[in-house]
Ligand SMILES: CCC/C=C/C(=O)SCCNC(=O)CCNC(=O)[C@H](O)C(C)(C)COP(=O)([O-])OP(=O)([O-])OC[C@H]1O[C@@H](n2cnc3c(N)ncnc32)[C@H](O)[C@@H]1OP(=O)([O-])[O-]
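Below you'll find only one chain, the form predicted alone, shown as structure tokens.
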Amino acid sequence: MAQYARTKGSIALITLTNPPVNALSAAVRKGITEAVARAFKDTRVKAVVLCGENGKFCGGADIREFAKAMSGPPLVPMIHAIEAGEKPVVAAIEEMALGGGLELALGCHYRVAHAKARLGLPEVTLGLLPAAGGTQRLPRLTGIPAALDLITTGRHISAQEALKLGIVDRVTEGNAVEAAVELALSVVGRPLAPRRLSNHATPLPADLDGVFEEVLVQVKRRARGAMAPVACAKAVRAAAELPYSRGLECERELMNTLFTSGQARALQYCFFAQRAAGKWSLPNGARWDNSRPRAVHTAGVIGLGTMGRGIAVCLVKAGISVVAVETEEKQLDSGRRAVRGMLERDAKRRGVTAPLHMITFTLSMQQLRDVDLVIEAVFEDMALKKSVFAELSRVCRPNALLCTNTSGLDVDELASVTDRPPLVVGMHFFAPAHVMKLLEVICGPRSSPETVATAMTLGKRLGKVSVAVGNCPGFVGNRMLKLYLDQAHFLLEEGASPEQVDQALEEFGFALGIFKVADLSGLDIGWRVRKAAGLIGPDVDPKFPSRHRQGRRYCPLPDLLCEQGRLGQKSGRGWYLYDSAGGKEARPDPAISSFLQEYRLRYGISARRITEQEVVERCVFVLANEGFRILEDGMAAAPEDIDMVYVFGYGWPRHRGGPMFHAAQVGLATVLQRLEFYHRQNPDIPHLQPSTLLRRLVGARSPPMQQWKQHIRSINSQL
């Protein structure tokens, strides 16, 4: 769909019309093709301006078309026809020119952008590459280094950066379409051959081989097994070494390989799953977003530790006034300095003034009396949190929402000490809260739809991926994480080393292996949780602690490390050795190898060879297995929600889609068979026993993920 009009007598104005982002659907491509041909044939038309409806140029391809046979005019010939035309074509870029939208603009002879527009080629984030000439035209315009950066990362750039790189010819603060029309009038009659990017030679750096070698090392390290970034680099290299037509063939061949890959399917699944995560239904079938959320203008944050500081920064950056409360002057001063520093650094990076006036620091809970909502972020201790919530009931106005940033405590138990259980909800942020994208919104059994809607909407306003989960120990993310950690510890008992486990998981695609993550977080955090759960107490023999507790296998290795003062990076020693307390560079520690050998000898465990396959299968399949139990328990609305929790909160590699998607890709029958195998070897690990839902799905011949919930016998939604 493209509207055709004439303006200023001789300018054809072609407007893309496909809300919300004017994606290049088959109908839009057909409309552009016909409108451009009409303009080129019309003797009254001297130049053409391409623009988008509703102040948006083009958001790129219609991703929904990827799952079916393509129809309509292909994009590449359409862009070639625009570029080869004998009348100047100017792209008027407002708000966005992304993916195929930017490739369309690069096929135009001139480009004008509004000052607030964003441009980019984000195909790599969908497991693809820009396949409408983007990998060939952009390097000819910007040079190799800039093109490699933009195409292999998929990052969006501002109109100002695009101007510096030569991607656009003009930037305007005014109406981009009017500016494009003026430019079109001014270039009528000028030669067009120099404006056709496919005719350009690619500017080459002095050391071409060195540049690509360095970039490939960086890309492979950042990609962690993802194919698309490497393919993008290869396509750009073709632009450096081959004529345009042959480079385009290389681009097409690489795209064909990517398009049918499991990684592309996984990344596109993540794209849609992220959007679906915020649209779950309540147990009565009504959608939560049909409930009107409360307006949040002011918020309180209680506790200025690591989490509270990040939450306060999130709120202020979203334009919400904050009252930050601490109990002691020393912690208040430390928190004040940290929060102000974060806000000032962020403002400097964005070239704006830090909104320090929007946050008040205080020792008095009384200053929370007029806020719309409070987020409690004190130490993870039920008694402490209950005392805070009881005080909030006395201080806050009766309709203020009370939220807890807990990673696993019972939200309903906290609500029970308040005078307003329907207005209590969990908001589990992930550290650092001002960086991490995930927000678990925990629906207590008495949380009202309005309360949940407010928390979900606030999360979106904060730039988070909000996922609604039920109220159970560990919720979704940490409930699954515990079993993942257990498997890693059991593998150490059986013969693996921390670096072997971590290497296998990193090669699978995780940014950091599980033991490096534990050192980064601090081993004492899990130690405290285990103590609170009654797994560690005075009845445990410190010299020969039991390997079976609460009716199942237990690994005391992390407890023994903590008792030695090995707390991770903070102490300079954990599962790895660091140069000093607070050091970042993890090195294998011979002392850990001796520690594990002595442990196995003490308990009579014969070390065996652990393969990379076993590490990945036991750690990853146990995550999916617990995900099936979570679906059975009604603690998550859909497998997509579980996957988004892991992609955005726990470093799961996006190109593998999430634990549930990965299980489906591997094959549910295979997952079932491998779990049965490992459970026979380890009958004292109950969570290796395949879940009822997994067995039922395999019995039903592994239906698509969208049908999994149909095989739950009795859905008792906790949302």
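Residue numbers here begin at 1 and follow the sequence given. Values in this document were obtained by computation on a predicted structure and should not be read as measured data.
Keep in mind the form predicted in complex with the named molecule is missing from the figure; the text below concerns it.
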**Message:** Whether residue 630 contacts the named molecule in the model of the complex should be assessed with a 4.5 Å heavy atom distance threshold; does it?
**Reply:** no
**Prompt:** Using heavy atoms and a 4.5 Å limit, would one call residue 275 a contact residue for the named molecule in the model of the complex?
**Reply:** yes
**Prompt:** With the cut-off set at 4.5 Å between non-hydrogen atoms, does residue 156 touch the named molecule in the model of the complex?
**Reply:** yes
**Message:** Within 4.5 Å, heavy atoms only: does residue 477 come near the named molecule in the model of the complex?
**Reply:** no
**Complete:** Residue within 4.5 Å of the named molecule in the model of the complex by heavy atom, from 310, 408, 85, 100, is 100
**Message:** Considering non-hydrogen atoms and a 4.5 Å limit, which listed residue (108, 238, 131, 414) is close to the named molecule in the model of the complex?
**Reply:** 131
**Prompt:** Among 64-72, 42-50, 654-662, 688-696, which stretch has residues with heavy atoms no more than 4.5 Å from the named molecule in the model of the complex?
**Reply:** 64-72
**Complete:** Contacts from 14-30 to the named molecule in the model of the complex (any heavy atom within 4.5 Å), listed N to C, are 20, 21, 23
